Structure formats: C-alpha cells, structure tokens
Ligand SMILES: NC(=O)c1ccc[n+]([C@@H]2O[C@H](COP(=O)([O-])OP(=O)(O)OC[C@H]3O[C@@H](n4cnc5c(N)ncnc54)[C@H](O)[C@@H]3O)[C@@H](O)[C@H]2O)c1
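Quick setup: one chain, the form predicted on its own, written in structure tokens, and binding and motion questions come after.
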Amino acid sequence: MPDRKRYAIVGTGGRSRMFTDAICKDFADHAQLVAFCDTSQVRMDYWNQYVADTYGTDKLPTYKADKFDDMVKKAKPDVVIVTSVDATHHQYIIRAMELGCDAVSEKPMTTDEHKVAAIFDAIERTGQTLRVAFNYRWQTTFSKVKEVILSGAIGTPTLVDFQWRLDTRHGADYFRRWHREKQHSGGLLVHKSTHHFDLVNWLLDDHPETVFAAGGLMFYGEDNAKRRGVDAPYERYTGVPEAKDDPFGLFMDTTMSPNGVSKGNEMKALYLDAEAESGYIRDRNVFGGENKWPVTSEDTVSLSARFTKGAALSYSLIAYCPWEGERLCVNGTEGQVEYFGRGSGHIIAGQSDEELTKDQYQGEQYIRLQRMFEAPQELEVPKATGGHGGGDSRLLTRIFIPDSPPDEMGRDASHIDGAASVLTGVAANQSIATGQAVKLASLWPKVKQTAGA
C-alpha cells in the first residue's frame, strides 16, 4: 500500500462519523486515521469500538482536549480534522498549524471576526493550509445551477432570491443542542446560514459588501410557547414522563422518538452515556430549560446584501416550517435560472398513513431556465446518492484523493471562502442587534482581499 496521509479528528460528536467512515472505508488506500481527540473519553471509546467492529482495525490512541499538543507530537498527523463545537474551531486550527499540520474544518470555519483574523494570521505565519468542508457546492443540483450561470445563459447575475425552510423536526434539533446559544454557534446565521452564504458567494464568484438583516426568536423558547398556550415546563425530554407525547421530543434512552426519528444506539452512546463526564445535554426542551441553557439564536431571519460586483441577495431562513426545502432563483441580464426542492413535511407518530404522506409532496424538485423572450426550459435534475444531495461523497473525494485535478467550477473551499461566509453571518447578527446595515470591511478590513478569490 502506498504512503497514506495521516489524519487525526478533534471533536467526536455525530458529525465526525462522515470523516471516520471515509478514512476507514472509502479512502483507506490514501488515508490513515491515527488518533481521536475530544473533551469526552466516553465518545472516543465509542468510536474506537465502532472502527474496530466495523472495519477490523486496531483501536486508536485517544487524547482529551487538553492533551491536543501531545496528540500531534505522538500520533504525528499530517492533517487535523476539526469537528468540535463551532466556537472552538479556531483553537484547534491555529494550534494544529503551529505544530506543523494542515487542517480541515467543518463549517462554519469559526464564529466571529476576531477568530477569523487569528486564523488568517496563523496561516500567514506557518504556511499551512486550511480547507473548509462546504458540501453544498458539490451537491449535483447546485452544480447544475452553476453550469447554467457559467454558460452565460442568464447573462450577468444581478439578484439572487434564496429561501431555506427547516421543518419542525430538523429545525427543532438546532434548539435542542448547543446551537441554540450564540456563544457556542454564532446562532443559525453563522452555524447554518454559512452554508447558504457560501453557496451564493460561489455562484456569483463574489462576496457581500454590505448586509442588512432582521429577525428574532419567534417560535422556540419558553416565552413564545407560553404566548401560544403551550405548557412544557420540563428542561429535557429523556426520562421525563410528562414529555412522552411531545411531538418535538427526542428520547435518547429509546430507539424511536414520537417525531419518528430512529436513533439506534449511537445517540445514547455519544451523548446520554457521556453526560456525567461532559455535562452536555443533547435533548434540551425547545420550549424550556432557558434558565440553564438560554436560547439566544434567532429562528426566523431575513437578509438583504449588496455584493462587491453589484449583485444583490434576498435571503430568508425559518426553523419551524411544516415542510423542508429550498428555493434558489438567480436572475440575470438575459434571463433566470431557478431551483426548487421540497422534502416531506414533518409527520409525527400515528399520522403517517399513506394518504397523509402522499399529501406532503415528498421529492418535488425542478430546475428551470427561462431566457428573456423565450419559453421556459425544464432542465434535467441530476441524480445523486448519499448525504446532502451527493455533496458529501464528492467533497470527501476532493479532500482525501491526492493530486485531484483542478475543478473547473472552483468548488474546493479555502479559508478565504470560510471567512467570507462567516463574516456575512456575523454582519447579519450585528445588523439585527443595531438595526443598521453593516459593511463587512468594518468587521475585518482584509475581507476586501477575498473578492472574486
């Protein structure tokens, strides 16, 4: 077997699985997993048992987070993959580089402008590289939209209209976790919307100059629940008899929740079994527990942005829609290309009869091109398998296959792309707080260097 690049993973929650499986299975000829690092020994032990049982490999060295330097020095990774809590990404990225490693970071790259600046400083000082795992760029449908733009069929893009809808299953999950607290996630405008902002930046080959945003917490949280007459006084769901019929519940000690989400053993092993050690509660009540875990993220946002080359963006996100999906429409000087995708609605236990499921329009999807003065064209929606519309597998191939050929669509995302998307979210948060438009350059002057990069 040829020399393989050595990888260590820091942050072993559920998101780390994608990288663990990729290294141990699909890219085992090119990559080698050499260590786990986390605040929780329980979680690391789970993944060690998992890779031994699933792939027949030896168990790996594990290091608590305060022993990160020891991990790098002893396990000698070439690359550190960072999938920890968002607000800690910069710590591990920067220290990995200072110790001679490249880094791969889950999105968002980090959570505020000061951490962005520190990461850029580390790259300049060390000469190491950072790749940000933006999988939406690799999703087949969005790649098709990019093809249309590059073909010149709509002329010069002038306005992007982007709507993203999270249903009451997916959207609610951000408010059961640490993501509900901006100090850890930057709020949904950083944690979730960074995907969407990066996608638009990539489609336009540009980034915003000025951002104005409005929004708030309008559905989740104790106060909103009380105004609607919802009485859910419990702090969490697991082990609470009063919560057993809550359609927003997540129960980690069983294999199925009322909302129809099957978890198997992994949720219990990674979070419930690790609580005594980590103190992290994964199943917080989306309408309670604010004395311990305040909800500081918005669940409803609207944003307008002006890009450096003149195009504009109109964007909205809600986290409690009855159905899940997105609409992306790029308007140009010669026409328009539109993508629409709709998943199923959130069906709770006891409601999933055949007729009701049918009425959810699951899988409705189209890509439509209409040039000025011409009839609309229904374009073929590319087929895809795997997570995020095929984006995960394509992204992983680019990360783990050495010497991949240049991508003509520029889908490989660097720290520059990571910064542009994070700063858009940071500017939006600031705009909501102040009621004023925010220039990205006022947050971090170097953002000017990223235009068109």
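Keep in mind that what you see is a predicted model, and the values were worked out from it rather than measured. One-based numbering along the sequence shown.
What comes next is about the form predicted in complex with the named molecule, which is not displayed.
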Option from 242 to 250, 88 to 96, 211 to 219, 196 to 204 whose residues, in the predicted bound form, bring a heavy atom within 4.5 Å of the named molecule: 88 to 96
With the cut-off set at 4.5 Å between non-hydrogen atoms, does Ser40 touch the named molecule in the predicted bound form? yes
Should Thr12 be counted as a contact of the named molecule in the predicted bound form, where contact means heavy atoms within 4.5 Å? yes
Even though the named molecule is not shown here, does Lys115 get within 4.5 Å of it in the predicted bound form, heavy atoms only? no
Does Ala65 reach the named molecule in the predicted bound form if we count a contact as any heavy atom within 4.5 Å? yes
Out of Ala133, Leu328, Ala172, Ile81, which one falls within 4.5 Å of the named molecule in the predicted bound form, going by heavy atoms? Ala133
Only one of Arg180, Arg284, Lys107, Arg137 comes within 4.5 Å of the named molecule in the predicted bound form by heavy atoms, so just point that one out. Lys107
